[in-house]
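Next up is one chain by itself, shown in C-alpha cells, the form predicted on its own.
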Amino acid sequence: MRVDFSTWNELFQNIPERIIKRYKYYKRKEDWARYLSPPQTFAIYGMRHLMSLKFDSSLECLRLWGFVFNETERLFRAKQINKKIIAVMGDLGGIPPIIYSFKSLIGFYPDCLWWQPFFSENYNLFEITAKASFPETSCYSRVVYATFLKKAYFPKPDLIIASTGASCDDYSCVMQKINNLFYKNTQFIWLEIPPRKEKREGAIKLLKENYQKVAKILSEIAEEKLTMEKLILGIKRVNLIRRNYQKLKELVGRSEIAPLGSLEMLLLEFGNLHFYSDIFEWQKILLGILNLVKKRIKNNEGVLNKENKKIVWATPPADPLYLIYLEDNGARIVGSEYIINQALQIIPIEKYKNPFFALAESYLSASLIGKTKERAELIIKEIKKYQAKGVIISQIFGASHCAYETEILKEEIEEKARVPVLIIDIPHPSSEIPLQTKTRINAFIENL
C-alpha cells in the first residue's frame, strides 16, 4: 500500500477513464476542471522530488495528490471564471472561513509555497530572493517573495491580507517587501494579531473588530453583502472539515498499525488552512480518505510495520523526504504540532451571537502567539494521547522562532513527558538526506 514513484505511475494506468472524468474542481462540468492526472505529469512540471518519495497506493490518495498539485492551475482558472482571488499571508487559518462565506471569492496562502524549492529540488527561488537582499540565514519563507516576482505560481490577487503584530517576524519582513512591490489595482491591507499573553477579552475584541473590517472589504470586492447567516453557514462548513480531520488524526494515531503514512497526513493537515482553494471538493477528498482509513482499521490493514515506534513530530519539515526516511527506518508519526493549531480547532459559533467573536476566540489557540511553554503543552498532549515514545523537532534553517524556542520545547518535553527529543535541521533542497542526519535519526530510533 506504500509504493515508489514508478509503481505509482503504473497503478494509474489501471484507473478507468470514467473515474478520471468524475473528479473536477469548482463544481464545474467542463473537461478542463479535471485534476486526476498521471503522477508523471507532476514530475514533468518540475516536481522532481516525487521520484524520491513513497506514496499511498489508493485511489483516494492519488486524488489527494492530484488536487494539491493542481492548485496553481486551479487559481488561474478561477480568474477566468470571474472569481476574485484573495491572498492571505501570515495568519494561517483565521481569514479563510470569512472568505469562503462568499460565493465569488477564492482564498489561498502564498505562505505554503515555501515547500516549492524542495519538491522541485531547485534553487532558483532562493537565488531570486538573494538578489533582493534576503540573506541565506533567513527563513525559507523568503522564497514567497520570489513567487510574487515571477508571477507564475498564482494570478495577480485582487486583495492581499497580511498579518502584523504577534506573527512570524521573519515572514513579516517578507510581507513588507511584497507590500513594496507595485501591484496595480491590488489592495494590500494589514491585519493585527494580538499576543495571547495579554488580557484574553481585549485580544478577542481586537481580533473581532479586525475581522469585521476585513469582511467589509471582502464584501466590496465580492460585490456581495455578508449576512450573519452566510457567515455562520461558512463557519459550519469549515467546522465540518476540521471535525473530519480531527476524527482522521485520532483514528490514525490510535490505530495499532498505521493505516496512512505521514506524508499524506501532512498534506491533509495543511488542507485545513485554505482547503487548497476549493472548499467543496476538499471536503469530499477528506471524507473519502477518512472512509478509507476506517475500512483499513476494520480489516486490520496498515502501510507500515506494526513494530514501528510511535513519535510526535513538531514544526513542519520543509523537506518531506525526512518523513519517508523515518518510516523506512522503524518509526511512525502519530501526533504533530506543525505550528497551525489555530486551523485545527472547532470555531465556537454556538457560544456567541456574533460569529466574529467565535472566529476571534478560535484564533487565540494559535501555536506561535503565546508562550513557548504553551506550545510545549500542545506537544505533550499529543504524546500522552497517542502514547508516543519520542519527539522529533525539525528546525527551519534561519527561522528565528526555532532558535529561540526549540531548546525550551526540548527541556519542557523531556521533563514533563519523560520521552527523548531529537532536534534536526532541514538543509537546502536535495535528493538525499545528509549522512550525519541519517545517523542521528537511526540512533534515535534505535534508542526508542
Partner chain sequence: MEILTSRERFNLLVFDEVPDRILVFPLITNHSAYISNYSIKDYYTKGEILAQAQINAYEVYQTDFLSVFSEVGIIAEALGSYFEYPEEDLPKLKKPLFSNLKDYCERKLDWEYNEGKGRFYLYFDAIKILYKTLGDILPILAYVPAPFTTLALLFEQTEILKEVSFPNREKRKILKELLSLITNFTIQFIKSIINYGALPIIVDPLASGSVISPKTYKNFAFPYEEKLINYLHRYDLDVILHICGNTQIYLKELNESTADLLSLDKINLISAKRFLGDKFRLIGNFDTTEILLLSPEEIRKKVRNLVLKMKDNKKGYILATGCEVPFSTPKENLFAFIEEGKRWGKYKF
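Numbering follows the first chain given and starts at 1. Note that the coordinates shown come from a computational prediction; the quantities given were computed from them, not determined experimentally.
Keep in mind that the form predicted together with the partner chain is missing from the display, and what follows is about it.
Exercise. Any chance N179, I339 and E414 all have a heavy atom within 4.5 Å of the partner chain in the model of the complex?
Worked result: Zero of three within 4.5 Å in the model of the complex.
Problem set entry | Touches the partner chain in the model of the complex: T41 (any heavy atom, 4.5 Å) | T41: contacts the partner chain in the model of the complex.
For this session: State yes or no: in the model of the complex, is some non-hydrogen atom of T137 no more than 4.5 angstroms from a non-hydrogen atom of the partner chain?
Result: No, T137 is distant from the partner.
For this session: Report whether the minimum heavy atom distance between T437 and the partner chain in the model of the complex is within 4.5 Å.
Result: So T437 does not count as contacting the partner chain.
Exercise. Taking 4.5 angstroms as the cut-off for heavy atoms, does F444 touch the partner chain in the model of the complex?
Worked result: Close contact is absent here: in the model of the complex, F444 is far from the partner chain, nothing within 4.5 Å, heavy atoms only.
Problem set entry | Partner-contacting position among I221, L287, L149, L206 - heavy atom within 4.5 Å of the partner chain in the model of the complex | So the residue touching the partner chain in the model of the complex, by this definition, is L149.
For this session: Could you work out which of K84, R77, R296, K309 is the residue within 4.5 angstroms of the partner chain in the model of the complex, going by heavy atoms?
Result: Exactly one residue meets the criterion: R77.
Exercise. Picking from 297-305, 272-280, 152-160, 234-242, which part of the chain touches the partner chain in the model of the complex when contact means heavy atoms within 4.5 Å?
Worked result: Going through the listed ranges, the match is 152-160.
For this session: Enumerate the residues of 417-448 that have a non-hydrogen atom within 4.5 Å of the partner chain in the model of the complex, in sequence order, or give none.
Result: Stretch hits: a single one, S431.
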